[in-house]
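In the form predicted alone, a lone chain appears below as C-alpha cells.
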C-alpha cells in the first residue's frame, strides 16, 4: 500500500473510533479528507467488477444533502438501481482488507463511468477513483459534473443500447426525457414553476430542461449552482423539509409553484406559502398523486390485471397509509429507510411506487407492462411510465411527472395537500459518537436494542395514547440518530420529540 494511502487509512480508523466505514444506503460517506484511500479502493473494486461483465458500470461521487465538507462514493450497477446485498458485502470486505488481491477476471478489460457533483473535493476524488480503475486494468470514463440519477440513467441507457458513446452525449439524458414529456403535454402549462437547486448540480442541469421545454413549461431557477461553496446552505429540499423554512432567494408570488431539489438532485419537495405559513408536499403525497392517476387509467381497462404497490418507510405518515389502503384500494408495504430497500421491494409488483418522506422515490415497472399497456391502448399511461427514470429515484424527472399530473388532473398544490389530512409530525436528528448501538426491527418501526434504551422509550410513550408514535433509528448516510414522532396534536408531538431527544442525549452522553 502506498505510504500516503496507508496514512489516510490510519486517519480514517482514528476518526471512526477504530471502526471502518460501512457501505450504507448511499454508499460510502465521510468527511472528504478521509476518503482518498476509500476512493482508490472503490476504483480498483469496480474496475475488477467491470472485467467480469460485458456491461458498463458506474461510480457517483457525492454526499447529496450532507455538509459540503463531506463526500462519498456510490457504485452504479448495469441497470442503475442498487448493488445486491452480496455485492455490498463484497465491497466492504475488499475495502477493509489490508492488502489488495487481484482476482482472476472473465475479460481483459471493462468500462466504468464516473460522475461527480459540485463539491470542492469531488474533482480530486474523481481522479483517484479513475486511477484505481486503471490500476485494475479497466477503462474509466469521466462524465464530469452530473446528477446522481443522471449518472445512473446514463449507465442504464448505454447498457440497453438506447445511446452509444455516452461520454460525448451527456445531453441524451435531457433529450430523452424532454421528448417523452413533450408527447404528453398537449398545451402549455399555466403559471411559473420556481425550482430551488440547492446550489448543487441539479440547479445546473435544470437549465437545459428549462431551455428545451420553454414552450410548454415556464421554469425559473433559484440557488442554481453558481455558488457551489454554499451547497445545501439555507436551501435545498433537506433544508426546506427538515427546517420547515423557505429557501434563500425565495420570492413570493401566489401564482407560482415552488419545488426544491437536494444537492445531487434525487430528492424533491413541493411547497407553497400562504398567510405566512409554509405548506410542504413530501414523499407520501407524490406516491399518492402518481398512484391516483395510474389507478384511474387502469380502471378504463378492467380486463388488464396489473398489480400495484406503494412502498413506504417508518417515516410515512399514518394518515397516508390509511388513504392508500382504504381510499385507493392499493396495497401498502413497509420497507427499511433507504431507497435501496424500497427499490427492491417495489420490484415485487407489476407497477411499484416508492417514496421516502424526504421526497426520494420513483415509479418502476416490470418488462411486460409497457407492451400490455400498448395492447390495451393505454398510450398515455405508457408514456407516463416511460417518463419515470427506471434507474433510480430522480428529482428532476419527478418534477416533469408531477407537472404533467397537476395539469392533467387540473389540481393545484393546495388541492393536492387537501387530498388527505396528515397527522402533525416532527423529524429531528441527534449527532452521536456511535450510531451503531441503535438496533431496530427490519421495517425500522420499532427500537429493539439497547434493551434498557427501549425500556426508557416505552416508558415515555406509555404516557400517551396509541395514536402517538415515535421511531428511532441510526442514519444510513450520517453519523446521527434520527427521531420521528407523530400524532393528532402538534403540541404533544413536540413534547414527545423533546423528551426523546433529552433522554437520548443523557443515554449517549452527548
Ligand code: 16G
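Numbering follows the first chain given and starts at 1. The term rigid core refers to the most C-alpha atoms you can superpose between the two forms while keeping them within 1.5 Å. Since this is a predicted model, take the numbers as computed values, not measurements.
Here the subject shifts to the form predicted together with this ligand, a form of this protein not shown in this document.
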| property | result |
| --- | --- |
| Contact label in the model of the complex: residue 356 to this ligand, heavy atom within 4.5 Å | yes |
| Close approach of residue 26 to this ligand in the model of the complex, 4.5 Å, heavy atom | yes |
| This ligand contact in the model of the complex: residue 232, any heavy atom under 4.5 Å | no |
| 4.5 Å heavy atom contact, residue 116 to this ligand in the model of the complex | no |
| Candidate stretches 191 to 199, 207 to 215, 291 to 299, 357 to 365, one within 4.5 Å of this ligand in the model of the complex by heavy atom | 357 to 365 |
| Output flag, 240, 284 and 422 jointly within 4.5 Å of this ligand in the model of the complex, heavy atom basis | no |
| 56, 36, 473, 51 - the one with a heavy atom within 4.5 Å of this ligand in the model of the complex | 473 |
| This ligand: the contacting residue among 78, 228, 338, 137 in the model of the complex [heavy atom, 4.5 Å] | 338 |
| Sequence-ordered list of residues in 263 to 283 near this ligand in the model of the complex, where near means a heavy atom within 4.5 Å | 266 |
| Per-residue C-alpha change between this form and the one not shown, residue 386, threshold 2 Å, rigid core fit | no |
| Flag for residue 427, CA shift 2 Å or larger between this form and the one not shown after aligning core | yes |
